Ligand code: OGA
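Next up: just one chain, as structure tokens, the form predicted on its own.
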């Protein structure tokens, strides 16, 4: 498979060319490494949308993003019918239109936590990274939700046991629209066309490692079921602040060709918006379906 160089969270896998077909043993080792380190990077990859999708599918079915009405396009704004579950994240415009989502990752979140069956892994591949005078911008931040849970007091762990929280793509959409203005706000009828809200346990058990992880995020979690509104808001804000403490975090500094994979049960992530045009960022992304949280 190649060599692995890693720390408690974050590892680099060396010596792979993902344009080549890997055998099942190599794929299993990559997945085991993902669960051990939560975030892994495979450097110097040159993949088109089909190759990214083919690699991602080795780990399970790919999922569409919640932004279902946005057609998937390549870097020249052309529809890609063969890879509908690969989408682009970019601040680049062509012919007056965004080449990809320009506000993805503004909030801390776990990918597709608003789905009944969220994603177990995300693959993000860097095609262009913003750089000026030798400085690279647009890092991605990660925080370890398992470590955050383990650091809670026994009293808080008991309080959170069996609590369920609402996760909502609709909530996130208009929250972004009103706070950042990079997308249009939607009316109730338009919101109804988006992914329905779902509830998940606040404390989720990882299906492979059995570690308990905090599964609420500022991007999509809107309330806790069964609690008065004020109590729900106060508890969520306390958990949002706790989960992103510096001692739980890792920051990935991008290079062109990086293929980053992360475990959406063990980590949340957030983009760094420290760049503006003419600095360009273009990433292609897919997510692998996981299992129902428990």
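Remember, predicted model here, so these are calculated numbers, not experimental data. Residue numbers count along the first chain shown, from 1.
There is another form of the same protein, the form predicted in complex with this ligand; it is not shown, and what comes next is about it.
The stretch that touches this ligand in the model of the complex, counting heavy atoms within 4.5 Å, is 109 to 117, out of 109 to 117, 197 to 205, 178 to 186, 165 to 173. 124 is the sole member of 217, 124, 86, 224 with a non-hydrogen atom within 4.5 Å of this ligand in the model of the complex. Checking 271, 22, 11, 279 for any heavy atom within 4.5 Å of this ligand in the model of the complex turns up a single hit: 271.
Proximity of residue 130 to this ligand in the model of the complex: non-hydrogen atoms within 4.5 Å are absent; the residue sits far from the partner. This ligand in the model of the complex is not approached by residue 98, whose heavy atoms all lie more than 4.5 angstroms from it. With a 4.5 Å cutoff on heavy atoms, residue 140 counts as touching this ligand in the model of the complex.
Residues of 216 to 230 placing a heavy atom within 4.5 Å of this ligand in the model of the complex: none.
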